[in-house]
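Consider the single chain below, provided in structure tokens and representing the form predicted on its own.
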């Protein structure tokens, strides 16, 4: 499972989110074409992803929703859970804390960091905000492994460097500026401007057809 394609990991997370909704609605079995319709992909892609993790359904009932949720959890989730910190408590940082609250038991936001003295020492949804100057100490004390960066782009590189120095193993970069980390640190960069421009491009193409 260590060598699963990155896109497959992304889709497995998306499948689980969709399957949890189906389970909450009382649906116990689901076919690949139903998952594909929810995710806007092909049924062939769904079957290929699930074959990679060694799971197959039946012709009569399809996939067992509960079993598939549990299997995806065994693959994606850490047995002991992983602690997460948010660096930058602006509008996006606060929105992420509110969004993630209670969403995944194996992923827990345990700290946030900022430079604004009005925010330091306060809590947002029960998450304490510390000074950036305390970042290395708090990260090590709380065994934080993942950092989510929502800082202004001018501070992106130095923030990433501080996270790496503190022992962070994974970084999700929400700033528009690319950062560079050692090979042993997994980096995921999400540029909302690029995503929006991609959506706008396809809207433009539809209008010119």
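All of these numbers come straight from a predicted model, not from anything done at the bench. Residue numbers count along the first chain shown, from 1.
Just so you know, the form predicted together with a further copy of the same chain exists too; it's not on screen, but the next bit is about it.
The closest non-hydrogen atom of residue 40 lies within 4.5 Å of a further copy of the same chain in the predicted bound form. Shown alone here, residue 19 lies farther than 4.5 Å from a further copy of the same chain in the predicted bound form, counting heavy atoms only.
Taking non-hydrogen atoms only, residue 101 never approaches a further copy of the same chain to within 4.5 angstroms in the predicted bound form. None of the heavy atoms of residue 133 is located within 4.5 Å of a further copy of the same chain in the predicted bound form.
Stretch-level contact check against a further copy of the same chain in the predicted bound form with heavy atoms at 4.5 Å: of 173-181, 155-163, 59-67, 43-51, the positive one is 173-181. Shown without its partner, the chain has 74, 75, 76, 77, 78 in segment 55-81 as residues with a non-hydrogen atom within 4.5 angstroms of a further copy of the same chain in the predicted bound form.
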